[in-house]
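What follows is one chain in structure tokens, specifically the form predicted alone.
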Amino acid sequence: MTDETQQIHEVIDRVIRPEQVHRDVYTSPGIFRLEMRNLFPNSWVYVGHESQTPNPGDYITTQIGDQPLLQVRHSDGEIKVLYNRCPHKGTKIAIDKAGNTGKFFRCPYHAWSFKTDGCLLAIPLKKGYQGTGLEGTEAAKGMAAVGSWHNYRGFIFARLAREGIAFEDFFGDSLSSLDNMVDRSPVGSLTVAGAPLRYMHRCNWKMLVENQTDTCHPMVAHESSAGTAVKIWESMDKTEDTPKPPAMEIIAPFMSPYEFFENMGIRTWPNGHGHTGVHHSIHSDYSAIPGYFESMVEAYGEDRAKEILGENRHNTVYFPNIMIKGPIQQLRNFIPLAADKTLVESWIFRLDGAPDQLVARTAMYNRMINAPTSMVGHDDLEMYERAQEGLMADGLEWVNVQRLYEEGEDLSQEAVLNGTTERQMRNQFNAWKRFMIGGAA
């Protein structure tokens, strides 16, 4: 072990305890740089969806940690994941969010061109490199590909590191949440439905990830928004037969009591993954969409259709930085930009072969809860930013994640527990520590 690696081990050991974490994990620019260097390259991180690049030459620009990437459909129909960098002078090859590059990429600086698998295609005035040894350099190999990538049922994940944990070992049984989300389509596939809703958060990215399985905050933090909406609905003149509007079906469950969230349960898996809503969730009681169940029965048979639709997981966290909602086909990506700056993208998906009313409800949920204009999402945003500011106070140094903690807790095994436990937060930090140190090693 080198002296540098030993120092990294000591730093990580200092800031993580089983039931609490040091504030530096959220505030230190140095630790943020270590995350970019070790954690994100050694984890499997979401890149994009195959439906964003359906045709040869289609690409999207994206990132893992602080590394700019391209997801592109090659001429053979396969998706490639490349670093968005010209091997000549380092210029970004593409800056648009999405596009079609045709049969090759062309650098806008010196017109070096590359096939859509990254291989060098042509260099202007190539004779100027004769006898220089260019063919033996990394530049001659073209645009670099990431260490590994994997297409799981349309979702593209990548690991930047050349060597490391395999995709199946990293995710294990947690992939069942993605399975349920895709299986809700009668034809077993999804399509991204438009651009995401994006907005900036002045806080550390891990605060947002933790909050996805924090079930003790909704009835408190959202009282002014969801609570007010419920009071207005309850005060209106209506009969027992008056249907609840879709907007109320979406927002009212945020005011469910503690007992509701305790009983819905949390499941955790190794490597930092987990989900709320084991037995039921805030999505369990949405109104049926005409014709949808019938199309599912036709596709899967009645028993299997009931099994798929009876699974109403709330939020599934895929470590390190995305969350999906299977019942409403949503994915949120928490993109770290600095120790105190995170860009959030909230994507929605269309269930191929299903009624349009489903994606309309999903879009409504996204606007109401996750948009820059959302009344619910801004409750959370204020709490994140207050926490980021409060952590700079010198009176205390540690953040507590001790709820329903038991000494000797084994996070290497799947577990289903009380829905208000903070085990999933501890699970994330356990994985954080291992992949930070593993990256250093």
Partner chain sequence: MKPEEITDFVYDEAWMLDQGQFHDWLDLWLPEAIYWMPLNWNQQDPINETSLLYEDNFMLRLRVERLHGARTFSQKPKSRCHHVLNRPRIEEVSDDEARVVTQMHYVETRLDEQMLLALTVRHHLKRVDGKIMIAGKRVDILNCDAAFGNIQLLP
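Numbering follows the first chain given and starts at 1. Because the structure is predicted, anything quoted here is derived from the model rather than measured.
There is also a form predicted in complex with the partner chain; it is not shown, and the following applies to it.
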Practice task
Although the partner chain is absent from this view, report whether Gly194 comes within 4.5 Å of it in the model of the complex, heavy atoms only.
Solution key: yes
Practice task
Considering only heavy atoms, tell me if Thr132 and the partner chain come within 4.5 Å of each other in the model of the complex.
Solution key: no
Practice task
Indicate whether Leu125 is a 4.5 Å heavy atom neighbour of the partner chain in the model of the complex.
Solution key: no
Exercise for the section: Answer yes if any heavy atom of Tyr199 is within 4.5 Å of a heavy atom of the partner chain in the model of the complex; otherwise answer no. Expected result: yes
Completion exercise
Answer among 225 to 233, 143 to 151, 83 to 91, 267 to 275 for heavy atoms within 4.5 Å of the partner chain in the model of the complex: the stretch 225 to 233
Problem - Ser177, Ser281, Asn366, Thr213 - the one with a heavy atom within 4.5 Å of the partner chain in the model of the complex - result: Asn366
Problem - Ala111, Val187, Ala338, Ala247 - the one with a heavy atom within 4.5 Å of the partner chain in the model of the complex - result: Ala247
Problem - All of Arg350, Thr373 and Glu382 within 4.5 Å of the partner chain in the model of the complex, heavy atom check - result: yes
Problem - Contacts with the partner chain in the model of the complex, stretch 306 to 345 (heavy atom within 4.5 Å) - result: Leu343
